[in-house]
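Quick heads-up: it's one chain on its own, the form predicted on its own, in structure tokens.
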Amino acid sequence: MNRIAARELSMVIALVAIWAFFAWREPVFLSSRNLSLLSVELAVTAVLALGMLVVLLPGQIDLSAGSGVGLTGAVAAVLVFWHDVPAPLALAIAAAGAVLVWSAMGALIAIERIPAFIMTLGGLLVFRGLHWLVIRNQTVPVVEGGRQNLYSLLTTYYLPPVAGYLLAALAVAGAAFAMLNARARRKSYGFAVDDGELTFLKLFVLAQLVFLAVIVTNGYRGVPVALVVLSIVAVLVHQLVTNTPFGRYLYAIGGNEEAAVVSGVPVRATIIGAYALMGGIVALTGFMQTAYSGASTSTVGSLMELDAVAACVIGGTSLRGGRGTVLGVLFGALIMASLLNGMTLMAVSPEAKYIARGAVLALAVWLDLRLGQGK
């Protein structure tokens, strides 16, 4: 068994063990209600992790993501609750600001050669301080007078059951088309492709998983809109990193930056673009996390960047750059979300949660070193 297969097998075993343990200790873990809530938590963690993937691929990192989540969510909440700005406009303003700020950080990293670790560590402190200043160390709700708006609906709205099944059918059809189209392209170029039986098996398993998720969530209130948002972001990021020149540039820079420069890859522009995209995803995560919390508080987004990095590394993304997939990140995020959800059900103390998250991050880095090189 090669190292990549060993990593994938270890991920599956770890997820099964985590679910089995929490189901044994807290049978409610496998209830429709908890699994539906788990899907919302997964969506928040995974969206940020997908942004982190884009930054990690060229060998960079973003330690300011968690603080940015809190800040962008706070800006939108303050605009809605204190200044009566319509929710769509407030979200657009906060998102645009995040893209500009992260683009500036990317420019300093790419052009001025400031190490990403130091640049984003400074951003972590600055954004956290700005977050507290923006909310004046108060609790700022995302709704006023109990009236729902676009902001609050990001994690509180559920699709009707019929809409969930229809969306699942469209998702499976789209996945089948993309998979068959990619297979045909590879075959036309003379590359090796999976045989027909294996391709059908992959589609069959995917369809089962998608419809199972819909059945489970319909057992509570329906498919959460947060899960739909995650699906859209995942598809877009997958297409970006696998089917565009920009995505190939990300892998090339992470694999060997000097070779990428010699090959004519626009390294600076690519890194700036990666951070700009990260800014947009940080803003989206900030809206989702703040909406899920019901208000912007001084703790929103705390240490979420570590969960995102852990999800990426567990899923096979290299901290050195040049390796990582969207599917792996989603799997890693599911492991992290399951751990946090299960510990919450067991009423684990905050101290123990921090210890567990730190241990998982350390283990993920060890796996990256021992299993991820494929040598």
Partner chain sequence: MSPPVVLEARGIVKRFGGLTALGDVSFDLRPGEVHALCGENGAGKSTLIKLLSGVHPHGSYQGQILIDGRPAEFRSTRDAERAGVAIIHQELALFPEMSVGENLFLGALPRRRGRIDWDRVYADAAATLAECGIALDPAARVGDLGVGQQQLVEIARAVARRPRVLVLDEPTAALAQHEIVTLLELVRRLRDRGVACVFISHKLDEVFAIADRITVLRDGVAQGTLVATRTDAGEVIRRMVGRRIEDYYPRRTREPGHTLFAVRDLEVVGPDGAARGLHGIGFEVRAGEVLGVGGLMGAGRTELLMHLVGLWGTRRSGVVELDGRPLAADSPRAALREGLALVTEDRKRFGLVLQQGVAFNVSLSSLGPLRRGLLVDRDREVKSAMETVDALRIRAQGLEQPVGTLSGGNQQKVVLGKVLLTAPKVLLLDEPTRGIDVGAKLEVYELINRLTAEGRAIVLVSSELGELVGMSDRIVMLCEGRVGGVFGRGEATQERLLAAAMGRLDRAA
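Numbering follows the first chain given and starts at 1. All of these numbers come straight from a predicted model, not from anything done at the bench.
The following text describes the form predicted in complex with the partner chain, which does not appear among the structures shown.
- Item | the partner chain: the contacting residue among G255, G97, G222, P141 in the model of the complex [heavy atom, 4.5 Å] | When the partner chain is considered in the model of the complex, the option within 4.5 Å is G255.
- Query: Going by heavy atoms within 4.5 Å, which of 246-254, 288-296, 272-280, 147-155 lines up against the partner chain in the model of the complex?
  - Reply: Flagged stretch: 246-254.
- Query: Does G264 reach the partner chain in the model of the complex if we count a contact as any heavy atom within 4.5 Å?
  - Reply: Close contact exists here: in the model of the complex, G264 approaches the partner chain to within 4.5 Å, heavy atoms only.
- May I ask you to state whether G322 is within 4.5 Å of the partner chain in the model of the complex, using heavy atom distances? Because a heavy atom of G322 falls inside 4.5 Å of the partner chain in the model of the complex, the answer is yes.
- Item | Partner proximity in the model of the complex: K202 to the partner chain, non-hydrogen atom cutoff 4.5 Å | No, no contact at 4.5 Å.
- Task: Report yes if any heavy atom of R185 sits within 4.5 Å of a heavy atom of the partner chain in the model of the complex; otherwise report no.
- Result: So R185 counts as contacting the partner chain.
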